[in-house]
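In the block that follows, a single chain appears as structure tokens, in the form predicted alone.
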Amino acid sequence: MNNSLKLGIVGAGRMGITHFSIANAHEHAEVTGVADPSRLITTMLGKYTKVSTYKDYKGLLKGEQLDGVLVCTPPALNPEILDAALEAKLHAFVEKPFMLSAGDGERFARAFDAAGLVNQVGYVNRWNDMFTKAKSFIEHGLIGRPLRFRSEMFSPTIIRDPGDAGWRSTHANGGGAVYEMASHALDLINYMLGAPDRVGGTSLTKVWSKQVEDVVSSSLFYESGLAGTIYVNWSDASFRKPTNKFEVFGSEGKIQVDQHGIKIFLTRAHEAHGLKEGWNQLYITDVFSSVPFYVRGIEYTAQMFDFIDAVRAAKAGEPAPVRCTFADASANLRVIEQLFADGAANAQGDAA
């Protein structure tokens, strides 16, 4: 392990612990330090994994000789952490939504690119085999010219009064269905079809939360004529876990895809892709890519291994392509800002 990348983790919540296990499974990487304000968490990690622990990122960056940092903290804390990572010339992986403003995101995208540092954001659906296959079908023109789409996400995250405690209760900490869930649905749109030019008819509705929205709906428009809708509900108890659904209607067919399967309707057969005229069904077991370590889903390992491989390539002076950069995440934040502005304007109009 002497030639392994040395990685540090800031934030040992659910995602931080997930990435801790995955990164240590890579044969050329090692998590040497973890920072978290919870003494219980750091004590347990130190006792059972022998990793060095710190109460904050300042101690981590001072105490460890790192190649990269995995930032898994609420987005309100990320600018300060990334400024320090940039000064220390560390490659960075950041959990979505990355920042609270597009302006901050674009500043860090420019700075990390200029410094030659790998920068990646954890929009994990970009590594799901079903969504990557659907994107490939669209790019190869199987459904012709995309005309309409809808991107949806559902979860039972908030199905009772959450109170005012916790980071999810305010936008200032990155809470709310827009930052937490709609960001994923928007990223799939940007990944598949590019960022929209404008939004309209946005509705942000509270179900259980007092200060943030629980349900999001809006329409998205492109200058090309392409248009679609987004509908996100994190108070839907009919779903057992977070689920994305994406549908695209084109001039020669239609694709319906989620994390587990694709249904594609074609007006003509595409033998090169093994698809017949009419309806075709593909399951994740038909196309899944293999990973050497599995936790929570193939896509979680694939995205972390891609980050580690990109850092190793960058350190060797080789091209280091990244599937979701700070710039990609900033494009999502631009649309999020439009959703908030449009939703507020519509609410004022309704109240007048």
Partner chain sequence: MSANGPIDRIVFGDNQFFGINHMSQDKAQERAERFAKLDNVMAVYDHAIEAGIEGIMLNSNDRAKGICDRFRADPDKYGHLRWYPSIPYPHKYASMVNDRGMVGAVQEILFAQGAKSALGKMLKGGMAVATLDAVKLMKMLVDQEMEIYHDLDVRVVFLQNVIVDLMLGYDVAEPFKAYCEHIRKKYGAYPGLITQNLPFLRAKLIEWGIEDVVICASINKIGYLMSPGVEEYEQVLAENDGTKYPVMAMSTLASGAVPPAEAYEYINRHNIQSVVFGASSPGNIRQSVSLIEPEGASA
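A quick note: this is a predicted structure, and the numbers were derived from the prediction, not measured. Numbering follows the first chain given and starts at 1.
Beyond what is shown, the protein has a form predicted together with the partner chain; the following relates to that form.
Student: Non-hydrogen atoms within 4.5 angstroms of the partner chain in the predicted complex: do G144, S151 and F249 all have one?
Tutor: The answer is no: none of the three residues contacts the partner (heavy atom, 4.5 Å cut-off).
Student: Out of 65 to 73, 307 to 315, 52 to 60, 283 to 291, where are the residues with a heavy atom within 4.5 Å of the partner chain in the predicted complex?
Tutor: That would be stretch 283 to 291.
Student: Within 4.5 Å, heavy atoms only, which of S219, S101, T243, T205 is in contact with the partner chain in the predicted complex?
Tutor: Checked against the cut-off, the match is T243.
Student: Looking at T157, S209, N233, T132, which is the one with a non-hydrogen atom within 4.5 Å of the partner chain in the predicted complex?
Tutor: Going through each option in turn, the one that passes is T157.
Student: T18 versus the partner chain, in the predicted complex: is there a non-hydrogen atom within 4.5 Å?
Tutor: Taking the distances in the predicted complex, the answer for T18 is yes, it comes within 4.5 Å of the partner chain.
Student: Within 4.5 Å, heavy atoms only: does T325 come near the partner chain in the predicted complex?
Tutor: Contact with the partner chain, no.
Student: Should H260 be counted as a contact of the partner chain in the predicted complex, where contact means heavy atoms within 4.5 Å?
Tutor: Residue-level check for H260: yes, a contact with the partner chain.
Student: Though only this chain appears here, would K254 touch the partner chain in the predicted complex if you measure heavy atom gaps against 4.5 Å?
Tutor: Taking the distances in the predicted complex, the answer for K254 is no, it never comes within 4.5 Å of the partner chain.
Student: For the stretch 77 to 103, I need every residue with any heavy atom inside 4.5 Å of the partner chain in the predicted complex, listed N to C.
Tutor: Going through 77 to 103 in order - heavy atoms within 4.5 Å of the partner chain in the predicted complex - there are no hits.
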